[in-house]
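The chain below stands alone, shown as structure tokens; this is the form predicted alone.
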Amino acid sequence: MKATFPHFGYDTYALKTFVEDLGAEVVLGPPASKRTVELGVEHSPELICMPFKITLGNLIEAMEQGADTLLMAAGARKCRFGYYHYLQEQALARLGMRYKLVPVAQYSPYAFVFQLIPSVFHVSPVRVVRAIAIMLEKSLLTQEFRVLLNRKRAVDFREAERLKKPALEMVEQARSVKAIRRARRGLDRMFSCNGSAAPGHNGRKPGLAVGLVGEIYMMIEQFANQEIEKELGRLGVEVLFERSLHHHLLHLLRLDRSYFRSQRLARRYLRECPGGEAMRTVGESIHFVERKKVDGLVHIFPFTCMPENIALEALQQLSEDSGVPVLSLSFDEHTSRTGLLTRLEAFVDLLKRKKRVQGSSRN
């Protein structure tokens, strides 16, 4: 078996280790590129979400390299994501390639551990549980790496980018719980983080902090969001986030307390869940504003995403109520990088002016 799945940002390493622990050979396509998007657009329905196009392109490129078993997440209920694997299967069938597409439902841990994965990989549930445990630990490591990188970028961007490649190699090579914990200690030393303040170069702290919220794929896959965390770090802004594979896995296992907190907080603005991750987007935003005291919020989502457009309305009201600026950005294959950078620079300038005014008024 030569298995593959769409790239998922830094968390690709955790997913790759999981599949390898089940005894399969992982054949990943190249990192997402302009060609990936072109392939996805060519074989996608009109006006479908950007994540659909990129993940379809990922699968096609992996199949070109010999992958024969495709793993694709499924089952997001009130969101088009729940139909992705049906439509992608039809698109791939038209290409005439030989493959087996395995939709991985996200809302039945019992079926995942005891039925789906054992039948696909021909392993025991015990081996599946062991592989999940390692994936949880490694996804936590990649989440921590992302936090450390964002903090370092905000105070010493050039040094952060120099450390990024060796740090990622350390993450990728950690394939056991013991190795993962050793890598965690290595990352702490590498990024020189001491305590919760996590100062960067020469003990300096970031001048601004923003909360990043939105649709999970756009949040995690750097190519999809045009490396927005990197660009904000270049502008001296620390990016805070909660959305990650680790949190999502805990949510699927009914163990993620932040999910229940977000659901509770979001009901101030959304009485019912409109689908997708709108409730989590709004709840995380309120948490960032009230508990993390961020200077602003950046909301990212695919163009035409109905749940996130509803969340956008709630965030605008939250901004009026709290006085915290919100920048909402939708992405598709036509999104201009130059336009994105211009909007980010203008937003950061706004936050700096607002902070200076607040500082002078206190004095």
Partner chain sequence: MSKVLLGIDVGSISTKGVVIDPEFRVLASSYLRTQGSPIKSIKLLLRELGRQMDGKAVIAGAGTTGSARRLAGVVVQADIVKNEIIAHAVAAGQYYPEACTVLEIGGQDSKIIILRDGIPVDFAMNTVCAAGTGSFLDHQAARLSIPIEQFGDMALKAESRVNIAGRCTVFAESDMIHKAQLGIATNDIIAGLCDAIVRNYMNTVARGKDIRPKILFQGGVAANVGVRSAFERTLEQKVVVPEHFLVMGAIGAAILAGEETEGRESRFAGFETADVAFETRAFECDGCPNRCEVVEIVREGEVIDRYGDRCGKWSEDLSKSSQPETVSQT
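Numbering follows the first chain given and starts at 1. Computed from a predicted structure; not experimentally measured.
Omitted here: the form predicted together with its partner chain. The next part is about that form.
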- Message: Quick check on residue 158: any heavy atom within 4.5 Å of its partner chain in the predicted bound form?
- Response: yes
- Query: For residue 325, is any heavy atom within 4.5 Å of its partner chain in the predicted bound form, or not?
  - Reply: yes
- For residue 235, is any heavy atom within 4.5 Å of its partner chain in the predicted bound form, or not? yes
- Should residue 150 be classed as touching its partner chain in the predicted bound form when contacts are defined as heavy atoms within 4.5 Å? no
- Task: Select, from the options 170 to 178, 260 to 268, 136 to 144, 218 to 226, the stretch whose residues sit within 4.5 angstroms of its partner chain in the predicted bound form by heavy atom distance.
- Result: 218 to 226
- Verify the flagged residues 2, 84 and 132 against its partner chain in the predicted bound form: is each one within 4.5 Å by a non-hydrogen atom? no
- Task: Just give me the residues of 333 to 347, first to last, that have a heavy atom within 4.5 Å of its partner chain in the predicted bound form.
- Result: 337, 342, 343, 345, 346, 347
